[in-house]
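Before any questions on how it binds or moves, here is one chain, the form predicted on its own, in structure tokens.
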Amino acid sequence: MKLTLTLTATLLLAAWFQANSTAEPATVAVRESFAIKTKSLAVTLQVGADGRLYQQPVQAGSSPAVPVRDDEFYPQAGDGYVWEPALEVTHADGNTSTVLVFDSLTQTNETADITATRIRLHDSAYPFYVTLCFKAHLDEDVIEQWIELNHAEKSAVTLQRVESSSLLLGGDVYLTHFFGDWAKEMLSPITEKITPGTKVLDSKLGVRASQFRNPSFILSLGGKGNETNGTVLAGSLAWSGSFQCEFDNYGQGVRALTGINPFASAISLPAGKSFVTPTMLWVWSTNGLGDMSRKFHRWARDFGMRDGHTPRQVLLNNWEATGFDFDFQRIVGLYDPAKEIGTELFLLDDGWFGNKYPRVNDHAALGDWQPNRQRLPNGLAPLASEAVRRGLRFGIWIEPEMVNPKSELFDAHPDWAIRQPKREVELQRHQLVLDLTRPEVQTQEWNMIRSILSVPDISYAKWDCNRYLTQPGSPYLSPARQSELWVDYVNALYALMEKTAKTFPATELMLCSGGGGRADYGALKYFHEFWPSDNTDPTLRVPMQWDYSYFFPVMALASHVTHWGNRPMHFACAVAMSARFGMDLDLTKLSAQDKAICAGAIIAYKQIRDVTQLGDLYRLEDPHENFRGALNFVSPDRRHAVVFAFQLKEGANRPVFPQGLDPAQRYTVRELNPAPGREAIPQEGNSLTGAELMAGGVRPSCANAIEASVIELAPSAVSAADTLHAFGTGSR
């Protein structure tokens, strides 16, 4: 009888849950509404009668007019909201609940294209304040979002979790994200429907945040988008530390929560102090992935990177030629071949420093940034001046954040390295990370950077970072503040990068991190470009650069010609030309034919770099899905274009159909730097209208695996519109 009663009770309880789970959630009366708007996106916010701030879900179709409790825009933990919160706080008195109510709204027009919005919220029971900050770029359909917090409680408040953004999306939502590892960055795009439950993309590495996952992703609403169709929303978190992007499907829609990873990162915020989150970037398009990317690229050139409207020069790195084995004469001996082939900038890589512990391999000398007296008896200045005398700019490799235990710096200051007490020290690449939360380390790193970049004629630097955190302990921070290491480190790093960029405005900077470990807009705004991967095999760089281009303009992607993969030199050059062209070759050992191919590629690159780096990108044939990859670039005035075709496997030599051309403009078709022994393209020298080219395509010269073709569509002397006008004038 007892069993029967228990079973009956269970069945009744299950029936009750089933009946109530299908009931409509209680709605909230709306007091007022406003929106964060771009040209084609509106994030509509509503102040409820309860004072809370709600959001109408962003979706491809129409949105409901009346919010429910789960639609809170920036939900807080501890008082009724049961899903993943955007904010989790422990107040000074130990209360773990927060209730934010609307206080005020301020909207101002910074420019004709930029609207700034600040929404101030406050806790209903505590002097605790949250300001939701937005910068909406009208024409680019870009919204920047970040959060500012402060309070006047009696003692410190603990921030357990503070998201940069919490956005509600309605309807079916598909997520495209990118998994990778060293030498495999951005090579494995995954598109999946966000089903009920929680999907998390995160990093717990402290630095080199995008070693395995990238803090950039794409959301497609109402079905999978493609290059030319679909409603898509790109997201990118501007943060170089541990991050978390979480997508919570709780049955009523999808909430995208993005920000600093709350894992082991609690922040103690004293009264009167402010905490500001990283910026979250959202880019919207109702016309597919290509339109979304072009908007993102235009924003990036204006706001996301340094000198985004200055084409990049051709770089030659010495690493493949010399490795660690060089001296003054060996390096100077590389200058004339570099100049002869057309390069404009020479980069001296690792191995130039260290005296007590010479940098003859990667086991020693990080932290000892004095030029090695045996290799460079007179320092860096003579090397740089010799380059400039030959018409080359000179650059240098540095790794400011790192130290080898085998170094004079570590001998003197072992407590300056990040590590855990009472544990055996764990090294990566024989090195440790310096603790940038320590003021002395900040001073030491800045003095090193300033000393090196102040050497006359150094105008470029490659800033590397070859390990991440595995033992995140700070000898400097108190036991109570150990969880602040992850965040304080990155903020101190940004302060150092910003100081470098401001002090040396004419010095070009490359962001490198053991490959593509810092591919994010948090660091890129202080740099001109980043190194996407140590893997320079051009057959893999084609899909890798395709994936990076969803979020970054190609002028930010350093792409070097090397011998990785032993691919044909012509193919390797063509791939590098489609991004920021560089070389890492021993020019003295190249065959005459390969040297001629490289010289021809550099000449061609200089003819089209204004188009590829400052123009609009159209991705045409996805290398992940086809036997070849193809894309084209169009200048802002649409008078000049270039088409790239990369044959990765055997396949029919079919036409490539460019996009974005001016239909009435006439273009002269010509292949740039054609491969030796290959037949000319069928349309070589023809003058065709943009309409004819987009409808009929251009047929590249590549027909076999690992071949490439670069086809310029140069402005013809007389356009179709000019011709029609001339005929019309004559007839009158």
Ligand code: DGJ
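Because the structure is a prediction, the values reported are computed rather than measured. Residue positions are given as counts along the sequence shown, with the first one as 1.
Heads up, the form predicted in complex with the ligand isn't pictured, but that's what we're talking about next.
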Proximity of Glu246 to the ligand in the model of the complex, heavy atoms at 4.5 Å:
no
Is it the case that Trp284, even though its partner is missing from this view, gets within 4.5 Å of the ligand in the model of the complex, heavy atoms only?
no
Would you classify Leu509 as touching the ligand in the model of the complex, given a 4.5 Å non-hydrogen atom cut-off?
no
Non-hydrogen atom contact Lys499 with the ligand in the model of the complex at 4.5 angstroms
no
Give a yes or no on whether each residue among Gln545, Tyr618 and Phe646 has a heavy atom within 4.5 Å of the ligand in the model of the complex.
no
Listed residue (Lys462, Arg161, His177, His137) with a non-hydrogen atom within 4.5 angstroms of the ligand in the model of the complex
Lys462
Among Phe657, Tyr476, Phe504, Trp319, which has at least one heavy atom within 4.5 Å of the ligand in the model of the complex?
Trp319
Pick the stretch from 343-351, 589-597, 657-665, 252-260 whose residues have a heavy atom within 4.5 Å of the ligand in the model of the complex.
343-351
Are there residues in 498-536 with a heavy atom within 4.5 Å of the ligand in the model of the complex, and which are they, in order?
Cys512, Gly514, Gly515, Trp531, Asp534
